[in-house]
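As structure tokens, one chain now follows by itself in the form predicted alone.
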């Protein structure tokens, strides 16, 4: 495993192009595009203000930079650096900007969610979509890029509009059986649209492409409900995480619950492996002490850590949420399937230091990773069943069916990993600190051996 030098970034705006060749980062009002393999700067663009959001087009030819404070979007071309496009939403403001799947249209959502404006880069044509709903996930594109589902709120009722992305004509418009729709998501095969209600009512609805209600699922009533929803990449399973600290798995044939994954405070499941992170501070001899090592803040004083397998039963630390505050820190907030749909990783908010890994073939708990600090972010390798996670310290953690490892990031000045993203090849990871980034290269040859 090798690490690159450290580069500057702002607001964790750092994205690899969909083709995996380029790395774009924002440093305040500048956009820097590097070659992923050499990290040489290929292009440097200057935006009109500090960038709030940055996104690659699907064909890796254009980069969108949105400046929400100014109501502006600038688009830059990688092939023709002199060409650029500026979209000014004016006094109506801007709260969200994104590419359409074809990479030639931009969808801007105005302040107060008054409308969505669709701008064409090719013809300069403008289309307007009224009444978009301000919610957790109000827009989703099907995986093949053909359809867009949009949540709509009018006359105190929720609706879903399905548009064809080729010419933006309305294919279907139907009312949903929700009190306060919170989000929607297409299944990866594009056949089913999952729609869920706000946390005040446990309700998940499944619609076909033509707007027929296929099934309704509700696990319980009169308590906080759905907190997270995720499709498996195979479209066979729909995982629903809720405030009662359980994950329910629905199957794609009958849309009934096939299993329930619980997150108990005491783990006594004999088949699961519990990996506990154990820290130890290295002893320092007086001859190793030097002014240089103190001022540089090198790894001399960094706490080293390793994983130990704990004998069962194991007690997982639980933080009791404050019942008087909104959005209590309890329940399943993150669900992530591995690329082969074999494993599911979950995080229960009142057990913030633990990540749970479930085997979806056996429908049972495979492993629990108990960290010394709260888990900030975890993500599956897009090519193989390997999970990377970080906890806001100077280490990177990896889990695979073969075991667990803790790796010190060897950078000067104590680079603290706040977030991470895999490269699409699975051969490298982008580690993001507060205002820096670093690339971690996996030694794939050794792994294959």
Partner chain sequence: CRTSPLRQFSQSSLPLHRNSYALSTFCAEHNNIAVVSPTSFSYFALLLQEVSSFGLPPVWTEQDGSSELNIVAVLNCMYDLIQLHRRGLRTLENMEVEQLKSNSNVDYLQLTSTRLKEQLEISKRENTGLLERERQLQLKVKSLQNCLKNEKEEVQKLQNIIASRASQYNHEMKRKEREFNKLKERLNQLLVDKKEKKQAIDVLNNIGRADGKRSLWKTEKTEAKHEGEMYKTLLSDYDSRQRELLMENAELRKVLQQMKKDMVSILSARKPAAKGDKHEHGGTQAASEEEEDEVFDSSKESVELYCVHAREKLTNSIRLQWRRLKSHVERLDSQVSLAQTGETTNTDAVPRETHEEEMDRLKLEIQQCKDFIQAQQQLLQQQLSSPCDEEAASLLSDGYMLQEKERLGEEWKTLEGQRKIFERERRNFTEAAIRLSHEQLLASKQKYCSHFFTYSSIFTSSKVIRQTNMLVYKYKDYFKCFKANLFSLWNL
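Keep in mind the model is a prediction, meaning the values are calculated, not measured. Numbering follows the first chain given and starts at 1.
Form predicted together with its partner chain: not shown, discussed below.
Among heavy atoms of residue 159, none comes within 4.5 Å of its partner chain in the predicted complex. For residue 62, a non-hydrogen atom is located within 4.5 Å of its partner chain in the predicted complex, even though that partner is not displayed. Its partner chain in the predicted complex comes within 4.5 Å of no heavy atom belonging to residue 217.
Interface membership of residue 174, defined by any non-hydrogen atom within 4.5 Å of its partner chain in the predicted complex, is ruled out.
Picking from 348-356, 263-271, 193-201, 374-382 the stretch near its partner chain in the predicted complex, with a 4.5 Å limit on heavy atoms, gives 193-201. Residues 137, 155 and 366 are none of them found to lie within 4.5 Å of its partner chain in the predicted complex, as judged by heavy atom distances. Comment: its partner chain is not present in this chain, but in the predicted complex one of 319, 258, 309, 164 has a heavy atom within 4.5 Å of it, namely 164. A heavy atom within 4.5 Å of its partner chain in the predicted complex is found for exactly one of 280, 362, 130, 86: 86. Of the residues in 129-163, those that come within 4.5 Å of its partner chain in the predicted complex through at least one heavy atom are, in sequence order, 146, 147.
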